[in-house]
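There is one chain below, alone, in structure tokens, taken in the form predicted alone.
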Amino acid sequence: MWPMARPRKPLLSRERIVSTALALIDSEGLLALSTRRLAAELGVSGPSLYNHFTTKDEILDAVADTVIAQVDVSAFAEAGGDWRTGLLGWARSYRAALAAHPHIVPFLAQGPGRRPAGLKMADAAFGGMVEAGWPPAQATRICAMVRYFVAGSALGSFARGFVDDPGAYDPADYPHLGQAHLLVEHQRQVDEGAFETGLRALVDGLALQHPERVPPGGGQQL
């Protein structure tokens, strides 16, 4: 009788390591990721990870870049110089990518470093704004502002910060929070609505500062 063959383990690859690390971060947070825990999730020994990544930070870099690679920056090129359309499309896609993986946002907030997808996103956004007529210094500040705004929006939910217990909002103490217990039920509508309100206000405000709108010799120097 032939001996039964052992089931083959899936081959270890950079892609498998990164996807498993991202799933672990998504479910348990950044602090849950360690090389020992990741190896256990993959069913391999810890040292085998070092055939693909030298350090835990390299793994985090790869995870972060995988998330940023999901951001669509094509709106800048497709808008034909319309910076508003480009900025709106980028910011919405950026938030969607980060909101799907909020636990990685604190790491992403450190900046792109040497990560290819992060640098490509920065290049596309900055280039799109400069090509639309924004001076480089202003374009840099605008891109930074969008990053701050998107990261803050994706980091947590405003609506989920309120408990769904009506008894927590005694009208004697909180006369204006009589409906606050309903926020959690409408979390997506509230949070996405808040983001859209802020994004529109941001773009409308920038439109007033665009070089084409500022009279010669007038306007605020940024």
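Fair warning: this is a prediction, and the values are worked out from it, not measured in the lab. Here the rigid core means the biggest group of C-alpha atoms that line up within 1.5 Å when the two forms are laid on top of each other. Residue positions are given as counts along the sequence shown, with the first one as 1.
Below, we turn to the form predicted in complex with a further copy of the same chain, even though it does not appear here.
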Is Leu202 close enough to touch a further copy of the same chain in the predicted bound form, meaning at least one heavy atom pair within 4.5 Å?
-> yes
How about Glu58: is it within 4.5 Å of a further copy of the same chain in the predicted bound form, going by heavy atoms?
-> no
In the predicted bound form, Cys143 touching a further copy of the same chain (heavy atom, 4.5 Å) = yes
Does Ser19 reach a further copy of the same chain in the predicted bound form, with heavy atoms at most 4.5 Å apart?
-> no
Since exactly one of Gly29, Gly161, Gly43, Gly46 fits, which has a heavy atom within 4.5 Å of a further copy of the same chain in the predicted bound form?
-> Gly161
Decide yes or no: are Ala109, Gly198 and Gln209 jointly within 4.5 Å of a further copy of the same chain in the predicted bound form, with each residue judged by its heavy atoms?
-> yes
Among 66-74, 172-180, 34-42, 47-55, which stretch sits within 4.5 Å of a further copy of the same chain in the predicted bound form, heavy atoms only?
-> 172-180
In sequence order, which positions of 115-133 have a non-hydrogen atom within 4.5 Å of a further copy of the same chain in the predicted bound form?
-> Pro116, Leu119, Lys120, Ala122, Asp123, Phe126, Gly127, Glu131
Could you tell me whether the Cα atom of His186 shifts by at least 2 Å between the shown form and the other one after core superposition?
-> yes
Please say whether, between the shown form and the other one, the C-alpha of Lys56 moves by 2 Å or more once the core is aligned.
-> no
